[in-house]
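Take a look at this single chain, the form predicted alone, given in C-alpha coordinates.
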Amino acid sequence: MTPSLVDLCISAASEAFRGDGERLITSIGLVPRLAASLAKSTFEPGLMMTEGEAYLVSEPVPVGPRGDYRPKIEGLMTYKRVFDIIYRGKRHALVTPVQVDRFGQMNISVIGDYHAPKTALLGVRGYPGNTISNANSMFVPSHDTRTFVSGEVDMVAGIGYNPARWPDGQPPKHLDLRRIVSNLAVMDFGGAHHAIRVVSLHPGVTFDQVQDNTGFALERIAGLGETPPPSDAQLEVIERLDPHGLRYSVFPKR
(Lines give C-alpha, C1' and ligand atoms only; values in the text may rest on other atoms or scores of the structure.)
Protein backbone atom coordinates (compact mmCIF):
# COMPACT_ATOMS: atom_id res chain seq x y z
CA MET A 1 0.00 0.00 0.00
CA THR A 2 1.31 3.45 -0.91
CA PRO A 3 1.89 5.49 2.26
CA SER A 4 0.16 8.82 2.64
CA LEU A 5 2.15 11.87 1.54
CA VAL A 6 2.32 13.27 5.04
CA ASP A 7 3.69 10.03 6.49
CA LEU A 8 6.26 9.90 3.69
CA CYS A 9 7.34 13.48 4.53
CA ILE A 10 7.52 12.74 8.26
CA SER A 11 9.72 9.72 7.64
CA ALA A 12 11.94 11.59 5.17
CA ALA A 13 12.29 14.60 7.48
CA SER A 14 13.19 12.39 10.43
CA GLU A 15 16.34 11.40 8.54
CA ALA A 16 17.61 14.96 8.95
CA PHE A 17 18.42 14.07 12.57
CA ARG A 18 20.34 10.86 11.88
CA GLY A 19 23.72 11.04 13.57
CA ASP A 20 22.84 14.03 15.77
CA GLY A 21 23.16 12.14 19.04
CA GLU A 22 22.64 14.31 22.12
CA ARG A 23 21.45 17.57 20.60
CA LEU A 24 18.59 19.94 21.42
CA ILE A 25 15.90 19.75 18.76
CA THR A 26 13.64 22.62 17.77
CA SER A 27 10.83 21.44 15.50
CA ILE A 28 8.43 24.20 14.42
CA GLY A 29 5.13 22.90 13.08
CA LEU A 30 3.25 19.63 13.14
CA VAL A 31 5.22 17.67 10.54
CA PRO A 32 8.62 18.81 11.90
CA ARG A 33 7.55 17.86 15.42
CA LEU A 34 6.39 14.41 14.35
CA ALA A 35 9.56 13.94 12.30
CA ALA A 36 11.80 14.76 15.28
CA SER A 37 9.64 12.59 17.54
CA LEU A 38 9.92 9.68 15.09
CA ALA A 39 13.70 10.03 15.02
CA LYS A 40 13.93 10.05 18.83
CA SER A 41 11.56 7.08 19.09
CA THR A 42 13.50 4.93 16.62
CA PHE A 43 17.14 5.63 15.73
CA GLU A 44 18.24 8.72 17.73
CA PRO A 45 17.16 8.24 21.37
CA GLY A 46 19.65 10.84 22.58
CA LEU A 47 17.81 13.76 20.97
CA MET A 48 16.79 16.33 23.58
CA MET A 49 13.20 17.49 23.14
CA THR A 50 11.01 19.83 25.13
CA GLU A 51 7.89 19.58 22.94
CA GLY A 52 7.22 23.29 23.41
CA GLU A 53 7.25 23.06 27.21
CA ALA A 54 9.78 23.94 29.90
CA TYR A 55 10.90 20.36 30.49
CA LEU A 56 13.03 17.84 28.67
CA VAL A 57 11.15 14.61 28.09
CA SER A 58 12.47 11.08 27.83
CA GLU A 59 9.95 10.16 25.13
CA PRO A 60 8.12 12.36 22.62
CA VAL A 61 4.75 13.66 23.76
CA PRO A 62 1.83 12.74 21.43
CA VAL A 63 0.19 15.69 19.69
CA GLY A 64 -3.39 16.72 20.31
CA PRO A 65 -5.55 15.92 23.36
CA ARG A 66 -3.52 13.81 25.77
CA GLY A 67 -6.22 12.09 27.80
CA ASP A 68 -4.52 10.21 30.63
CA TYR A 69 -1.05 10.57 29.11
CA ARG A 70 1.49 12.39 31.28
CA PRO A 71 4.80 13.63 29.83
CA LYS A 72 7.81 11.68 31.06
CA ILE A 73 9.87 14.58 32.41
CA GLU A 74 13.59 14.07 32.88
CA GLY A 75 14.89 17.62 33.31
CA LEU A 76 14.23 21.34 33.29
CA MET A 77 14.99 23.38 30.17
CA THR A 78 14.84 27.05 31.11
CA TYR A 79 15.01 29.90 28.62
CA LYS A 80 18.57 30.62 29.74
CA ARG A 81 19.66 27.03 29.19
CA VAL A 82 18.22 27.11 25.69
CA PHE A 83 20.41 30.07 24.78
CA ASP A 84 23.45 28.46 26.37
CA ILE A 85 22.94 25.48 24.07
CA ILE A 86 22.24 27.61 20.98
CA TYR A 87 25.42 29.60 21.31
CA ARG A 88 27.46 26.42 21.70
CA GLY A 89 26.06 25.16 18.39
CA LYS A 90 24.29 22.19 19.99
CA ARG A 91 20.85 22.58 18.46
CA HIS A 92 19.24 21.36 15.24
CA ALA A 93 16.15 23.20 14.03
CA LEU A 94 13.61 21.86 11.55
CA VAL A 95 11.59 24.84 10.36
CA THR A 96 9.13 25.92 7.65
CA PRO A 97 10.23 29.10 5.88
CA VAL A 98 7.93 31.09 3.62
CA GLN A 99 10.67 31.64 1.03
CA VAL A 100 13.93 29.85 0.26
CA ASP A 101 16.51 30.87 -2.35
CA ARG A 102 19.33 29.03 -4.11
CA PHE A 103 21.69 29.83 -1.25
CA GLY A 104 19.38 28.28 1.34
CA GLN A 105 18.64 31.73 2.77
CA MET A 106 15.24 31.68 4.47
CA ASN A 107 12.52 34.29 4.91
CA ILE A 108 9.67 34.38 7.42
CA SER A 109 9.51 38.16 7.75
CA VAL A 110 7.92 40.07 4.84
CA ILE A 111 6.78 39.47 1.28
CA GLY A 112 7.74 42.28 -1.08
CA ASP A 113 9.84 45.36 -0.41
CA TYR A 114 10.90 45.57 3.23
CA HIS A 115 9.87 49.24 3.50
CA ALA A 116 6.49 48.72 1.82
CA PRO A 117 5.74 44.99 2.04
CA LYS A 118 2.79 43.28 0.41
CA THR A 119 2.50 41.12 3.51
CA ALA A 120 4.06 41.43 6.96
CA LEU A 121 4.66 38.08 8.63
CA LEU A 122 6.44 37.01 11.84
CA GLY A 123 9.62 39.06 11.70
CA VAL A 124 12.90 37.19 11.74
CA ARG A 125 12.29 35.63 15.17
CA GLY A 126 15.23 33.37 16.11
CA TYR A 127 16.37 32.60 12.56
CA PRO A 128 19.51 34.83 12.46
CA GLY A 129 21.13 33.47 15.61
CA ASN A 130 20.02 29.93 15.00
CA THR A 131 21.34 29.73 11.44
CA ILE A 132 24.66 31.30 12.45
CA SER A 133 25.15 28.91 15.36
CA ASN A 134 23.33 25.65 14.64
CA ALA A 135 22.29 22.99 12.15
CA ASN A 136 19.08 23.70 10.23
CA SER A 137 16.74 21.67 8.05
CA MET A 138 13.46 22.62 6.39
CA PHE A 139 10.01 21.26 5.68
CA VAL A 140 8.21 23.02 2.81
CA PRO A 141 4.60 21.85 2.29
CA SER A 142 4.07 23.72 -0.99
CA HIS A 143 6.90 23.31 -3.49
CA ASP A 144 6.43 26.13 -6.00
CA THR A 145 8.23 29.19 -7.35
CA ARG A 146 6.57 31.44 -4.77
CA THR A 147 8.44 29.52 -2.07
CA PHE A 148 11.62 28.47 -3.91
CA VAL A 149 12.25 31.90 -5.40
CA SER A 150 14.52 33.15 -8.15
CA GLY A 151 17.08 35.68 -6.96
CA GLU A 152 17.25 36.30 -3.22
CA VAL A 153 14.45 35.93 -0.71
CA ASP A 154 12.62 39.19 -0.03
CA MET A 155 14.25 39.41 3.39
CA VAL A 156 17.14 37.30 4.64
CA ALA A 157 15.91 36.04 8.00
CA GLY A 158 18.07 32.90 8.01
CA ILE A 159 21.62 32.93 6.70
CA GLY A 160 22.70 30.62 3.90
CA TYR A 161 25.59 29.91 1.56
CA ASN A 162 25.76 33.40 0.01
CA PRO A 163 29.28 34.84 0.45
CA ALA A 164 27.97 38.33 -0.32
CA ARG A 165 26.09 38.22 2.99
CA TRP A 166 29.00 36.98 5.11
CA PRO A 167 31.11 39.51 7.06
CA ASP A 168 34.49 39.74 5.29
CA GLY A 169 33.36 36.91 3.01
CA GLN A 170 33.90 34.34 5.76
CA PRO A 171 31.11 31.84 6.53
CA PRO A 172 29.84 31.54 10.10
CA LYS A 173 31.69 28.79 11.92
CA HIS A 174 28.58 26.68 12.58
CA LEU A 175 26.63 27.33 9.36
CA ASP A 176 25.16 23.90 8.58
CA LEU A 177 22.15 23.57 6.27
CA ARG A 178 21.24 19.92 5.90
CA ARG A 179 17.97 18.71 4.40
CA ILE A 180 14.85 20.09 2.73
CA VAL A 181 11.72 17.95 2.52
CA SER A 182 8.89 19.26 0.35
CA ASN A 183 5.66 17.79 -0.98
CA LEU A 184 7.56 16.82 -4.14
CA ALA A 185 11.06 15.72 -3.17
CA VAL A 186 13.91 15.50 -0.69
CA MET A 187 16.87 17.84 -1.21
CA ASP A 188 20.17 18.65 0.45
CA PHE A 189 23.02 21.12 0.00
CA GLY A 190 25.49 18.64 -1.45
CA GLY A 191 25.81 20.24 -4.88
CA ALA A 192 28.70 22.36 -6.14
CA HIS A 193 29.38 25.25 -3.75
CA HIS A 194 26.54 23.99 -1.52
CA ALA A 195 23.97 24.12 -4.34
CA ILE A 196 20.60 22.63 -3.52
CA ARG A 197 20.48 19.09 -4.86
CA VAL A 198 17.56 16.69 -5.30
CA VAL A 199 18.35 13.40 -3.56
CA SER A 200 14.99 11.62 -3.99
CA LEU A 201 11.63 12.13 -5.67
CA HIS A 202 8.32 11.32 -4.04
CA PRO A 203 6.30 8.62 -5.85
CA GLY A 204 4.89 9.80 -9.17
CA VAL A 205 7.03 12.96 -9.27
CA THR A 206 9.64 13.65 -11.96
CA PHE A 207 12.77 15.77 -11.71
CA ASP A 208 11.39 18.08 -14.41
CA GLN A 209 8.29 18.65 -12.30
CA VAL A 210 10.44 19.63 -9.32
CA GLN A 211 12.59 21.90 -11.49
CA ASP A 212 9.55 23.57 -13.08
CA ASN A 213 8.30 24.44 -9.60
CA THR A 214 11.64 25.89 -8.46
CA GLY A 215 12.85 29.41 -9.26
CA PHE A 216 16.51 28.42 -9.62
CA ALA A 217 18.51 25.61 -11.20
CA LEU A 218 18.66 22.39 -9.17
CA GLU A 219 21.29 19.70 -9.17
CA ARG A 220 20.53 16.03 -8.66
CA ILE A 221 22.37 12.98 -7.49
CA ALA A 222 23.40 10.25 -9.89
CA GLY A 223 20.82 7.46 -10.04
CA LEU A 224 18.07 9.66 -8.63
CA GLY A 225 15.26 7.46 -7.28
CA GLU A 226 12.15 7.51 -5.14
CA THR A 227 11.94 8.65 -1.55
CA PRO A 228 11.95 5.50 0.62
CA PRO A 229 8.52 4.85 2.15
CA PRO A 230 8.12 4.60 5.92
CA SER A 231 8.29 1.08 7.27
CA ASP A 232 5.36 -0.58 9.02
CA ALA A 233 7.21 -0.06 12.31
CA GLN A 234 7.62 3.66 11.58
CA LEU A 235 3.94 3.97 10.67
CA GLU A 236 3.02 2.40 14.01
CA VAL A 237 5.17 4.96 15.83
CA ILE A 238 3.69 7.86 13.82
CA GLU A 239 0.19 6.65 14.66
CA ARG A 240 1.10 6.53 18.34
CA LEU A 241 2.57 10.02 18.18
CA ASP A 242 -0.49 11.41 16.36
CA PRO A 243 -3.43 9.30 17.57
CA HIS A 244 -5.99 11.89 16.42
CA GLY A 245 -4.71 12.12 12.84
CA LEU A 246 -3.89 15.84 13.05
CA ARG A 247 -1.19 15.34 10.41
CA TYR A 248 -3.86 14.91 7.76
CA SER A 249 -4.66 18.61 8.11
CA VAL A 250 -1.34 19.22 6.33
CA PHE A 251 -1.90 16.75 3.47
CA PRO A 252 -5.30 15.03 3.41
CA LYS A 253 -5.25 11.24 3.52
CA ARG A 254 -6.07 9.60 0.20
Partner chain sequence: MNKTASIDEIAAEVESGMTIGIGGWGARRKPMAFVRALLNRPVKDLTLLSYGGPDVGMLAAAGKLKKLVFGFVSLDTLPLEPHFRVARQAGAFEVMELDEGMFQLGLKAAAAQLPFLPTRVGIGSDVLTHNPEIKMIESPYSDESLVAVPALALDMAVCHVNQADVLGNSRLSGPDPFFDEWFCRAADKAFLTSEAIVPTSAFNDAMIALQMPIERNLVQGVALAELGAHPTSCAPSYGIDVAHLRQYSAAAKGGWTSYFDEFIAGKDLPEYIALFGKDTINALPLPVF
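On a predicted model such as this, the values are computed, not experimentally measured, just so you know. Residue numbers count along the first chain shown, from 1.
A second form of this protein, the form predicted together with the partner chain, is not displayed here; the remarks below concern that form.
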The partner chain contact at residue 157 in the model of the complex, heavy atom, 4.5 Å
yes
Heavy atom of residue 189 within 4.5 Å of the partner chain in the model of the complex:
no
Would you please decide whether residue 151 lies within 4.5 angstroms of the partner chain in the model of the complex, comparing each non-hydrogen atom pair?
no
The partner chain contact at residue 55 in the model of the complex, heavy atom, 4.5 Å:
yes
Among 64, 203, 29, 45, just one has a heavy atom within 4.5 Å of the partner chain in the model of the complex, namely 64
At a 4.5 angstroms cut-off on non-hydrogen atoms, which residues of 70 to 84 are near the partner chain in the model of the complex? List them in order.
76, 78, 79, 80, 83
